[in-house]
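Quick heads-up: it's one chain on its own, the form predicted alone, in structure tokens.
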Amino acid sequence: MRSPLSPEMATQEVPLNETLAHLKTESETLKLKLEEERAKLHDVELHQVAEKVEGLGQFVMKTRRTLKGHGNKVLCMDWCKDKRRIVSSSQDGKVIVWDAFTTNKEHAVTMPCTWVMACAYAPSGCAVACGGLDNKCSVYPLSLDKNENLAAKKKSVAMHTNYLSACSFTNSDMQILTSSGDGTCALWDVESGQLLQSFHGHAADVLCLDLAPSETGNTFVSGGCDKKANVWDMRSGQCIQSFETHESDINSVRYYPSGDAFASGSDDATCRLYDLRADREVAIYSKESIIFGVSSVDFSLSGRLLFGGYNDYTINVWDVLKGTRVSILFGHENRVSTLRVSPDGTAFCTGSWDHTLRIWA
């Protein structure tokens, strides 16, 4: 009778060079080789190419509206395609739909949980989605009847195993994309609540996502606590590009209007620009004097300006091409948590831990 395998024999079966340590070093050397190949193609800096471009003159932006009504920190906001309405969510569990022009509240929902970290407006303007510490993404249809109870029509769409950090409708009201503290992103069917595709590749909480602006819209970018920004193919579920140059959590990612690049904002106090065709980081937006993290970034409609909301209560405006700061905006009395440029590019809105939202133009 043959004796069962002893531990000694089991280790002999596996050649020593297959050990984990060996594989780790091998992957590190391959990573370095990739970096070297990337560097070979890196011939010139963005700001050098942009030297001949005319600088931006002084421009005045100030708070034009202040939206008051949340009882706690504002955590997320999104514009409606009608360029006028806004949905915002806060730590007190409230989700409010505003008319940004008149500052009137049009709808309000109290979520069953606090810390509603994500909210999004449907492309049609007929529904909003939100979620947070309840690990769910819920969709509320909006009606013209102001007195209607929205909560009664609530649809639970997405279920994660940890908090919901961001959500966004795809180009239709029928599908929603979510990211979560469980380290995954997922695509869901709104009607049935069915999981259509899941995206695995982050090694820690995913904090943000943004859909590519193209009509086909088959890719999106996500950023997280593993300091990585990943670009995904929505049809295959595969990660097609990954960028790891930040030194801390990535709190916000946003595509450049053309869809060929994206910006990220991080706790390392920098914003960075990644070119997808060059497959590398092409610019860093930072200053010695800026030591607080970036919570949220967005581009102007032309893509020439990058707005960043910071934890030191300010908004910095960067010249994307030249890499210089062109303006700094003051107004909020606590950290800026969310920032979005309106769909027509005429204004942008910020939400803050000071319980208010501000419209700037």
Partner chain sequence: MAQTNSSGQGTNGVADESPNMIVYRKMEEVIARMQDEKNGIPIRTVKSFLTKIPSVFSGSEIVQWLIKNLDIEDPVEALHLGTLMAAHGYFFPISDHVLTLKDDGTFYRFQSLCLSPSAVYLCKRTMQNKARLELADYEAESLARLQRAFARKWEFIFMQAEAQAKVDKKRDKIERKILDSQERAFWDVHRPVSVYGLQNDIRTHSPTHTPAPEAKQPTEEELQHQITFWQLQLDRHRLKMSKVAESLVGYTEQYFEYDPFLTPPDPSNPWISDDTTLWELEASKEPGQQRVKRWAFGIDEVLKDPVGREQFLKFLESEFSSENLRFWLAVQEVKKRPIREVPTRVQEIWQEFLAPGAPSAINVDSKSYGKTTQNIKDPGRYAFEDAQEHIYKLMKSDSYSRFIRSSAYQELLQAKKKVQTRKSID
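Since we're looking at a predicted model, the values are computed, not measured. Residue numbers count along the first chain shown, from 1.
Although it is not shown, the form predicted in complex with its partner chain is what the next lines describe.
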query: Triplet 49, 194 and 273 all within 4.5 Å of its partner chain in the predicted complex via a heavy atom; finding: yes
query: Partner proximity in the predicted complex: residue 151 to its partner chain, non-hydrogen atom cutoff 4.5 Å; finding: no
query: Residue 168, heavy atom within 4.5 angstroms of its partner chain in the predicted complex; finding: no
query: Heavy atom of residue 303 within 4.5 Å of its partner chain in the predicted complex; finding: yes
query: Residue 113, heavy atom within 4.5 angstroms of its partner chain in the predicted complex; finding: no
query: Residues within stretch 329-361 having a non-hydrogen atom within 4.5 Å of its partner chain in the predicted complex; finding: 330, 334, 335, 344, 345, 346, 347, 348, 353, 359, 360, 361
